[in-house]
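Have a look below at one chain only, the form predicted on its own, in C-alpha cells format.
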Amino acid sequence: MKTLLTTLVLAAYITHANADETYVAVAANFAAPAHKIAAEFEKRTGHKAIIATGATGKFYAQIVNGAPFDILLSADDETPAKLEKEAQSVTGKRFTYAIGKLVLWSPKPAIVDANGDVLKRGGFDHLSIANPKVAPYGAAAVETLKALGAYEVVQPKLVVGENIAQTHQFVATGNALLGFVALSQVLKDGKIEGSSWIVPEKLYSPIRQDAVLLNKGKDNKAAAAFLEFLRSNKTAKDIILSYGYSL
C-alpha cells in the first residue's frame, strides 16, 4: 500500500513538473464552454490554459501586432485562414472546433415569437446586435435581417455591441428589449429563459468557428495538448454540445 501511494505521488509530481501553460484567445461567444474545457484540461493533463475572451476582429489586430497568444479560438473560419495565409500561424493546425447558432432573444416572456415575426411587427425601441465589422455573430444578424427584408426598418433601432458578450449584456440589462446573441449564451440545461427564436441556419452563412495554433505557441507543449484535447476529447466535445453548438 505504501509503495502504491509513493508511486501515485511520484507520478503526480512528474506530471506537474512537466506541466506548462498556454495563453488562449477565445471568441466571446465561446467564453463559458472554454473555461469549463480549460478546467477539465488542467485536471487531466496538469497543463494550464489561460483564457482571454473578446471580439475575433480585435484579437486578429492584437495577434498581428505581437500579442502573446499561443492559440486563437475564433468565432469564424475566415480569421484563422487569414492568419495562416499571412504566416502568423502554424500551417496544418487549423480545424473547426464548433459551429455556432444565432438566436433572437429577450429575457422577457412573450416578446420574441416562435418565427421571429416581431422583427417586422415592431413594438420595440432597441434591437441589439454585435458589431458586424468585427464579430461574426453580428454579421450573421445583419444577414438574417436582410434575408427577412427587415434590415431597413430596424436599422435606426440597432444598438451595436463591441462583441457578442456586450450585446448579450445590453439585452440582459434591459438597454435593448431584444437582440441577436449566440445560442450558447442563453442556453441553460437545455432551456432558454425568457422568449426566443433560434434563427434557421438557411438565413445566414454557417458560423464555423476555427481553432488555430499561432506562431508563438509552436513549441509550447501545453498549446499542442490543449488543441488535441479540444479536438479529440469526449468530455470537451460533450461540453461544446451542451452549449448548443454543432460539431
Partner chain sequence: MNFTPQDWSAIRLTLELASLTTLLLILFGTPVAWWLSRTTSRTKPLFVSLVAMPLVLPPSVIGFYLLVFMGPNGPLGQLMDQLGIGRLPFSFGGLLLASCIYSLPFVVQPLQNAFEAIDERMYEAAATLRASPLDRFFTVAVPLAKPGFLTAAVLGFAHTVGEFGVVLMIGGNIPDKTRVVSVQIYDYVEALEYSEAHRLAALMLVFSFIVLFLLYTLNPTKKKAPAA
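Bear in mind that the values here come from a model prediction, so they are computed numbers and not experimental data. Residue numbers count along the first chain shown, from 1.
Quick note: we don't show the form predicted in complex with its partner chain, though the next part is all about it.
Q: Can you pick the stretch from 139-147, 116-124, 93-101, 154-162 whose heavy atoms fall within 4.5 Å of its partner chain in the predicted complex?
A: One stretch meets the cut-off, namely 154-162.
Q: Within 4.5 Å, heavy atoms only, which of Y204, F69, Y60, F41 is in contact with its partner chain in the predicted complex?
A: Checking each option against its partner chain in the predicted complex, the one that comes within 4.5 Å is Y60.
Q: Is it the case that V112, even though its partner is missing from this view, gets within 4.5 Å of its partner chain in the predicted complex, heavy atoms only?
A: Answer no; every heavy atom of V112 is more than 4.5 Å from its partner chain in the predicted complex.
Q: Heavy atoms within 4.5 Å of its partner chain in the predicted complex: does Q88 have any?
A: Flag for Q88 set to no.
Q: Looking in the predicted complex, any heavy atom of L213 within 4.5 Å of its partner chain?
A: Looking in the predicted complex, residue contacts with its partner chain do not include L213, since no heavy atom lies within 4.5 Å.
Q: May I ask you to state whether A55 is within 4.5 Å of its partner chain in the predicted complex, using heavy atom distances?
A: The answer is yes: A55 has a heavy atom within 4.5 Å of its partner chain.
Q: For the stretch 163-187, I need every residue with any heavy atom inside 4.5 Å of its partner chain in the predicted complex, listed N to C.
A: Q166, Q169, F170, T173, G174, N175, A176 sit within 4.5 Å of the partner.
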